[in-house]
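This text opens with one protein chain seen in two forms, each one given by itself as structure tokens under the names structure 1 and structure 2.
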Structure 1
């Protein structure tokens, strides 16, 4: 589809979505009335900027069904966000939404190299979290064999991989490394498994972490992107070129804005991702602030797909740590640590406030030979890590080496930051 034809399709679907929310969702109808916006006049995608943003707080304020655009009798599935603070955000799907969701996730799987001949092990938690069911339905739509093992019980995961000849793994990137560590402990050579590809998401991860996963599991690790408020997985995903996530632009309209001014950034610049759904029936979203930081990549991809790509998420504007006046993202720290020899891919950031000054301590797991080595070598390593982190972050932090397996392991999203400040 040419860009001109795609934008015409987007505009027609946007007009339909605006009519749906303006007619059936009191929240949006009131917003439009207050701004004196007549969505019937929308003749261009540029007109989208006249509309208000939607935030996660808006979803919480309308908990549970206030933003649904169809009667509950038409909703065949209800999910909610995996967030741990405040009221959950509740989302719904019609029968047609589920069909579209399955097709879009099947696209992502296909781009990553999965086929109907694959056996896909889904180690995401099933339940209200959209990740497990989203990938499950997409894999079945593709015709692959699905193992819905869910999260946890790592040794059982490995046994299933061996016995069922798993060829594709779906989980968080941090859990993929936990599996890799367990394989090493159990004396199992990953090359003896049938694994060849992995689709990882639900938390930020660096290119260095991707290399670590590829090397330890002997696979091609791809990134994919989605969020419960928009649909779940299936919004965008990497092809095997691994050079940006292809956006399903016929179903989602993406903007990148400056999170401070909320104005559009220049093409190719980094900013906060804002998404408008174009085909959702039960739970349409208009200009939803994802808080995820990325940039759009308009250049064509060697794989031949023509949808625009977005850069992998570098962090979240609301998860950003402001330390001594400097903006810091945990993924920056991970990027440094994972490139340093003899460190393990597990770390934790502890933030305290002492005499009105922020103090950051990074706990770093190191292999046994370093931890029990002479103190001088430990000091050299600590100084090296501190210097690398200071150069990357622009602030000084303390570093403490800890033994392997000292830090808590998580089979879901890893808790990387403990912020003890009273902010």
Structure 2
């Protein structure tokens, strides 16, 4: 599609999305009224800049169904991000949304080189997380043979990979490396497997990691990007050039803005990605602040696809951490610690990558009475904090008690997080 035709399609779809949220979602109606936005007179994509941004906080404030644009009886699927209690965000899909989602993921699989002849092993979690089901429906839409094995149990993954002749692997890049190392340990030569392509996403990774995965698994590793608030996987994905992710621009309108001024950056400059959905029925999003940092690549891609590419995600403009694929905010840890007696409001989160798996240690200052107390009491406290954190975060973390005033104090922002992962 030429850029001109694409922009016309985007404008028409934007107009109908604005009508949809303006009439069905009180949150947006109020925002538009306050800003005196009359979306009926939207004549160009430039007008988008008159619209308000939507943030993760807006989703939380409207928990669970406040931002849905259809009645629940039209919703056929519900997903939720990262399963945490107070901070969860909930998204919904109509039948048509699921159809579009499947088509878009099928596109991403195709771009990465997967076909109906492939046996595809989906080692993403199936559940509230969008990764498993999102890739699953896309792969079925494509006609590939899907193995819905879900995440974990690495030995079994390898057994199945050998027996079922898996040719495409889908998971997080860190899990791909865990599988690669397990193969090595088990003395299995990856060249003896049928594996030829991998689609990895849901967490940040690097070119160095790509090289390592390619070498250790003997495959072409591609990157794909998405987020639950917008749809899940299927927003953008790499073709076999492996040089930036093609954005599904007929369904999503992307802007890159300066996270401080919220003004658009120069074309090709790095900034925060802001996404507007163009076809979503149940859960449309207007100018959603992803907090993900990237840049658009305006040059045409040698593969011939005309959809614009974005560079792999380079970081975040907030403090969200992705640990074992789960989104974690330091403030969640703080909230738990504050509620626990005898702890000081000083803590530090240390993240390491051990054998390609994320490991989190939370150092917590405790008052003298506890610190010099008997071991048994300390152990009880550690177990208590661990259990509370696991319930809040959805992942297990190590906890170490430290004496009062051991953690470095800072004059400015305190450095709560030490991320030692070298991606």
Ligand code: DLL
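In this text, rigid core is short for the largest set of C-alphas that superpose within 1.5 Å between two forms. Residue numbers count along the first chain shown, from 1. It should be emphasised that the depicted structure is a prediction, and the values quoted were computed from it without experimental measurement.
Colleague: Pick out the form predicted on its own: structure 1 or structure 2.
Modeller: It is the first structure that is the form predicted on its own.
Colleague: Just checking, between the two structures are residue 333 and residue 260 in a single rigid part?
Modeller: Segmentation between the two structures puts residue 260 in the other part from residue 333.
Colleague: How many degrees of rotation separate the smaller rigid part's two orientations between the two structures when the larger part is superposed on C-alpha atoms?
Modeller: Rigid-body rotation of the smaller part between the two structures: 165 degrees.
Colleague: For residue 380, what C-alpha shift in Å results between the two structures following superposition on the rigid core?
Modeller: That residue's C-alpha sits 41.0 Å away in the other form.
Colleague: Could you state, for a rigid core superposition, the Cα shift of residue 319 between the two structures in Å?
Modeller: The alpha-carbon displacement, core-superposed, is 3.1 Å.
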